[in-house]
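In structure tokens, one chain follows: the form predicted on its own.
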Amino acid sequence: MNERETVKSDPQFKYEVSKMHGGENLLRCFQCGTCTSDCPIAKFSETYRPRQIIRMVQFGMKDDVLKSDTLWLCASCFTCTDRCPQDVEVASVIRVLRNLAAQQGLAPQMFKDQCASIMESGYAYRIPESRLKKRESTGLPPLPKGNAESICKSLKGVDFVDHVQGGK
């Protein structure tokens, strides 16, 4: 970003997030950095910093945070939440942000494809026919059938699924 570019700010964004389930303690964060220093993803990524994501929300950088690819790197291990001295549920805030991004059609294609696969087959990834044949030729038992019907029933009405499946 050069000097002339200005970051569009939405001062109400932090309040919007703090009113959502999982974001209630967002405003307690005082940027100590514990979430980032203990995060297993941050240890191996030069870009993923939970503290920075929280700060962007606090500064009202709604468009930047919702469009950020790093938002989708969280492993949802809850280490940040468990260690936060202010009881900010950082992983839950990130879930809230992902849901907001999905509502705007900003979920990465990989997540859309994975969701579609789960809903169609019961598996997170499509298993190529060649792999199934290879299992059979080597004497391995067939893979268990995924229960897509049960999964679809369980996930009926889940906003994230609805949004990534068709932008509903």
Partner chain sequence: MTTNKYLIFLGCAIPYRVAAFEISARKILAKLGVDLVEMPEFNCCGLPLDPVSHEAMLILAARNLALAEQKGLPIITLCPGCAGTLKKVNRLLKEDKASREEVNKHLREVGLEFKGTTDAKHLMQVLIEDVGLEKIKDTVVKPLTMLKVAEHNGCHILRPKEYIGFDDPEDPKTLKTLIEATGAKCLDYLDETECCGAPSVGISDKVALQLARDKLNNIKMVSAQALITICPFCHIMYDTNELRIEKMFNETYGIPVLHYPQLLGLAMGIKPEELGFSELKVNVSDLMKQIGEV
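Only the largest set of C-alpha atoms that superpose within 1.5 Å between the two forms is called the rigid core. The model shown is predicted, which means the values in this text are computed figures rather than measured ones. Residue numbers count along the first chain shown, from 1.
The following text describes the form predicted in complex with its partner chain, which does not appear among the structures shown.
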>> Can you work out whether V17 and its partner chain are in contact in the model of the complex, taking contact to mean some heavy atom pair no more than 4.5 Å apart?
In response: no
>> Would you classify N147 as touching its partner chain in the model of the complex, given a 4.5 Å non-hydrogen atom cut-off?
In response: yes
>> So, I53 and its partner chain: in the model of the complex, are they within 4.5 Å at any heavy atom pair?
In response: no
> Is G105 close enough to touch its partner chain in the model of the complex, meaning at least one heavy atom pair within 4.5 Å?
Replying inline: no
> Going by its partner chain in the model of the complex, which residues of 122 to 154 come within 4.5 Å of it through any heavy atom?
Replying inline: G122, Y123, A124, Y125, R126, I127, P128, R131, K134, R135, T138, L140, P141, L143, P144, K145, G146, N147, S150, I151, K153, S154
> Under a superposition restricted to the rigid core, does C152 display a Cα displacement of 2 angstroms or more between the shown form and the other one?
Replying inline: yes
> Comparing between the shown form and the other one on the rigid core: C-alpha of L27 shifted by 2 Å or more?
Replying inline: no
